[in-house]
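Have a look below at one chain only, the form predicted alone, in structure tokens format.
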Amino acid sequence: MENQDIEEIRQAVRQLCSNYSEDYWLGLDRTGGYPTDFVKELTTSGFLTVLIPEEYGGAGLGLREACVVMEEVCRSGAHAGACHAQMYVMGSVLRHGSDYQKKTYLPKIAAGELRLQSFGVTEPTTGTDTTSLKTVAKKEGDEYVINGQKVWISRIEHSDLMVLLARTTPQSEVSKKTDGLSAFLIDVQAANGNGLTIQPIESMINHHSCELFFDDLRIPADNLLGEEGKGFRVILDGMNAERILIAAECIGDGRYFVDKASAYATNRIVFKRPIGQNQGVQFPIARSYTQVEAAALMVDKAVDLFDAGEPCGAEANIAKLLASEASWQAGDVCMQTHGGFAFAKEYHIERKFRETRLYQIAPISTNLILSFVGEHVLKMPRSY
């Protein structure tokens, strides 16, 4: 897409976000509410469904356009974590779903009639050791029976569908530990109370996360996503897109913090001069700007590879690491620039500060990215 078209998307997203002030997000933060109106408008305007092909009612655009949307949402002061999963979870259905699944679900997702906002992978005892997960799905006739537990499953209370990863063949019976895992589409509304129990988790970060308990949940065998035993590939295909999109959000957060800090430092007068005239205030902001812009270049590289269909695992991981660290540092500088006022909720900084901190932990921790780079890029011995 041409730069002019990208800029038009930026401007349109900014205009939409301007209808939802930071006070809107502050109100939701105070009540633990979900931005239903915002997500609905983002969907009906086509921004949340840019990756869905036109034949299914979407815009049929690339990951670059999706990243622009998420970046601008975050730069506006909004919280993209409330809806970003639909961008990358939907790809699992698009790439691995049957014709029936794609024709049934994708047009409804594109129209905003259904939300696919949840990704059921993480478990309490395994964390990011995905291949050791303990949730099982046993086939009985034309159904699968699911038992197990998941944790940190975000937006499940505000989603109609979830992609779930469960083991269908015991790990002891497969030659590769990544085999024997299967992905399923779960109708959340039908499952809730009928084998699925949802328990919200109180946390410092606004992701509406929950713990899930599966007790003989029965789902149709047709809900299998892709091939039985090949679900790890279904999940992996969405992970590079997830990392790149999260990195783009961090760029938006970082630019939000730099914008806020530089404006405040210019206008705040102490000792009869703007505090931004002091190098001790000005230089950290300038350094944060350079770090965010450098990370943005890595995000661009990862996006180019992804949209070209080229391998991009290393670039996606590096982009996420650099962008998350740059946004966190920019947030810290923004807090320091505002001094005591940074702790006042009316300035909105502390909320964004909490939100951007998550991305050094999720969707993958900084140390796991470093171990990936060490082993797969630098060819050093496996560290775990």
Partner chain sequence: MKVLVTAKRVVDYNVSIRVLSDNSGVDLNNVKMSVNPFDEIAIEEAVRLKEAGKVEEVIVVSIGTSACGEQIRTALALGADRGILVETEEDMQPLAIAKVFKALIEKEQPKMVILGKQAIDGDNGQTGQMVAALSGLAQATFASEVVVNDDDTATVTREVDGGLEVISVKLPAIITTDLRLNEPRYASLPNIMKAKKKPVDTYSPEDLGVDVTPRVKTLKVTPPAERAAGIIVETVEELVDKLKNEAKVIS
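Residue numbers count along the first chain shown, from 1. Everything numeric in this text was worked out from a predicted model, so none of it was measured.
We do not show the form predicted in complex with the partner chain, though everything after this point is about it.
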| query | finding |
| --- | --- |
| 4.5 Å heavy atom contact, residue 46 to the partner chain in the model of the complex | yes |
| Residue 59: touches the partner chain in the model of the complex, heavy atom cutoff 4.5 angstroms | yes |
| Residue contact check: residue 365 to the partner chain in the model of the complex, 4.5 Å heavy atom | no |
| Partner contact for residue 4 in the model of the complex: the partner chain, 4.5 angstroms, heavy atom | yes |
| Partner-proximal stretch of 318-326, 37-45, 331-339, 351-359 relative to the partner chain in the model of the complex, 4.5 angstroms, heavy atom | 37-45 |
| Sequence-ordered list of residues in 15-33 near the partner chain in the model of the complex, where near means a heavy atom within 4.5 Å | 15, 16, 19 |
